[in-house]
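Below sits a lone chain in structure tokens, taken as the form predicted alone.
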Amino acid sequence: MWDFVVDRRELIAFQAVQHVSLVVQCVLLATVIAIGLAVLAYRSPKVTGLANGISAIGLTIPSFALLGILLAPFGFGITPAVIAVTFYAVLPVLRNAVVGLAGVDQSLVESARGIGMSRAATLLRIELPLAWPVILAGIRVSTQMVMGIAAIAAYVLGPGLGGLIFSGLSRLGGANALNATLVGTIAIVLLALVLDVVLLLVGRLTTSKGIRV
């Protein structure tokens, strides 16, 4: 396996960068979408329940099936991969964002409004900062989950390490087939651990000491 890695180090490094880039960009987009939806939903118990229900149902959709459906309108390539990865990335973040915002102490919100803060200012300066640790936990779960889904996106010729895995699986029994599959899988696991550490550091830098304590 080591010889396989050395001989193909440039290809593996390129696919690893592609994989991380796809995941990071999709998670960032998903976070913006999820927080926007959560802001619209969290004040209404009915809409909150609907958002949580959609999140739960969405996670039951097989990624292969969704990618297959996306092939008809978008064809092969990056577009269906981005749509699928972003879709799955939204779900954990949306649920946590709704829970985090709904769990903010309403007495703090009322106090902020009582001193003249607008609703938007209260959301940005009070509610979102207090809900951020819960939201970030959802982002961490989302990132770990879509690292694997991004590999499956190679089914529609999406970028990343999934190409290495599918290449190996398609010729199991042949030369270096097992090595290709194992290297792709191990690389994804290692990248997932690295991204999780990065998100932990982001959490420490973006969460106030008072909330961490």
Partner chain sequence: MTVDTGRSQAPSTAAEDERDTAPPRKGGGWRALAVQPTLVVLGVVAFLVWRSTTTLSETEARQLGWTVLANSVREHLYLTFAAAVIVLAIAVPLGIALTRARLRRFTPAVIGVANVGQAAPAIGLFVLLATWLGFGFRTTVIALVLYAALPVLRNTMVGIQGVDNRLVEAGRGMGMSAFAVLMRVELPLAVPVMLAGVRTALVLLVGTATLATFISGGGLGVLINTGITLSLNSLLIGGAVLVALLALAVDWLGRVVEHVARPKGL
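Positions refer to the first chain, counted from 1. Since this is a predicted model, take the numbers as computed values, not measurements.
Form predicted together with the partner chain: not shown, discussed below.
Across the proposed site, Ile83, Val90 and Leu195 without exception lack any heavy atom within 4.5 Å of the partner chain in the predicted bound form. With the partner omitted here, the residue from Leu29, Val39, Val47, Leu169 that has a non-hydrogen atom within 4.5 angstroms of the partner chain in the predicted bound form is Leu169. For the chain shown alone, Val24 is not a contact residue for the partner chain in the predicted bound form, no non-hydrogen atom being within 4.5 angstroms. With a 4.5 Å cutoff on heavy atoms, Val189 counts as touching the partner chain in the predicted bound form. Within this chain, Ala151 lines the site of the partner chain in the predicted bound form, having a heavy atom no more than 4.5 Å away. Mapping the unseen interface onto this chain, Val99 counts among the residues with a heavy atom inside 4.5 Å of the partner chain in the predicted bound form. Shown here without the partner chain, the chain has Val134, Ala137, Gly138, Arg140, Val141, Gln144, Met145, Gly148, Ala151, Ile152 in 134 to 152 lying with a heavy atom within 4.5 Å of that partner in the predicted bound form.
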